[in-house]
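There is one chain below, alone, in structure tokens, taken in the form predicted on its own.
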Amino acid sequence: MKGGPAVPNKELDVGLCVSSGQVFRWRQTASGFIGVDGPNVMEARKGRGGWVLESRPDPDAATRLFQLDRSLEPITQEIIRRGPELKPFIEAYPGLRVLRPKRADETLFSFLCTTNNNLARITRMVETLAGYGKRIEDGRFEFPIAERLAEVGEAELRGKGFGYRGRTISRAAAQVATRGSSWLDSLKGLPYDEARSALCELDGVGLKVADCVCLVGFGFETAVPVDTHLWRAACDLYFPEWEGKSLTEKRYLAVGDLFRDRFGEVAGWAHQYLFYHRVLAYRGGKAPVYYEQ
């Protein structure tokens, strides 16, 4: 692969980014990673002092996905200024970024695969859904639009191992298709709370999935998805009185509000470092990673 100048390690770690539960169509290769975003195939190779990126056919697609038009240092320094307790996590994962995929609909349907599921199975499901889309090159497809997923139907998805998610994906796809091709992207222009509420009207979309779409798909960086990993971390750091208790809607909202109050416009970034730390700790226990609603 060709690619431009290497992006310094302190600014980007592709391996951390693509394994951090934000995207699910990246694979490790002998020299780095390869993935798909929208109609683009991207390759990343670890070079001397950093990562060399190539995207095709749009040569700027990788810059957009990894938000390389923004320096990471001011973001991480702002997190530390507002919450010094997160400094060890930020220092442990240099180059971890919040991603910005091209298509919010892929983000939505990918996260509908994550509820009560493990990472290997999530990856297989997302690849299966992608297979209904337009072929880009051998073995790689552009994610299908909602109308196409609605045509697939619940029975076929159940037959391919989606379980009850076959129903929620089919119904949510039909709802998105009915609202029109521009509806999902139009939510980006709403205030965050309104966009999240609109997403929660879709079948199978609760607060966690909606916040994942708001953060990763829409770019609302005050969105804070709270799954079981972040819930336990939040209890350790901020809500010791809730240790061992269940994650109710009221507590979910309280965790998000605390992050927004404490970290402001970088709340979603702060969440990502803490979330990923807990995910890695969980993987170290030889257990599958679960994303629970």
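Residue positions are given as counts along the sequence shown, with the first one as 1. Predicted, not measured: the structure shown is a model, and the values here were computed from it.
The protein also exists as the form predicted in complex with the DNA; that form is not presented, and the subsequent description refers to it.
Residue stretch of 199-207, 143-151, 130-138, 185-193 approaching the DNA in the model of the complex, non-hydrogen atom distance within 4.5 Å: It is 199-207 that comes within 4.5 Å of the partner.
Of 232, 64, 260, 45, the one that lies within 4.5 Å of the DNA in the model of the complex (heavy atoms): Looking at the other structure, the residue within range turns out to be 232.
Residue 174: touches the DNA in the model of the complex, heavy atom cutoff 4.5 angstroms: Contact check for residue 174: no, nothing within 4.5 Å of the DNA in the model of the complex.
is_contact(residue 275, the DNA) in the model of the complex, heavy atom dist at most 4.5 Å: Contact with the DNA, yes.
Distance check, residue 161 to the DNA in the model of the complex, heavy atom within 4.5 Å: Within the cut-off, so yes.
Distance check, residue 87 to the DNA in the model of the complex, heavy atom within 4.5 Å: No, residue 87 stays farther than 4.5 Å from the DNA in the model of the complex.
Residues within 4.5 Å of the DNA in the model of the complex, restricted to 14-43 and counted by heavy atom: Those in contact are 20, 21.
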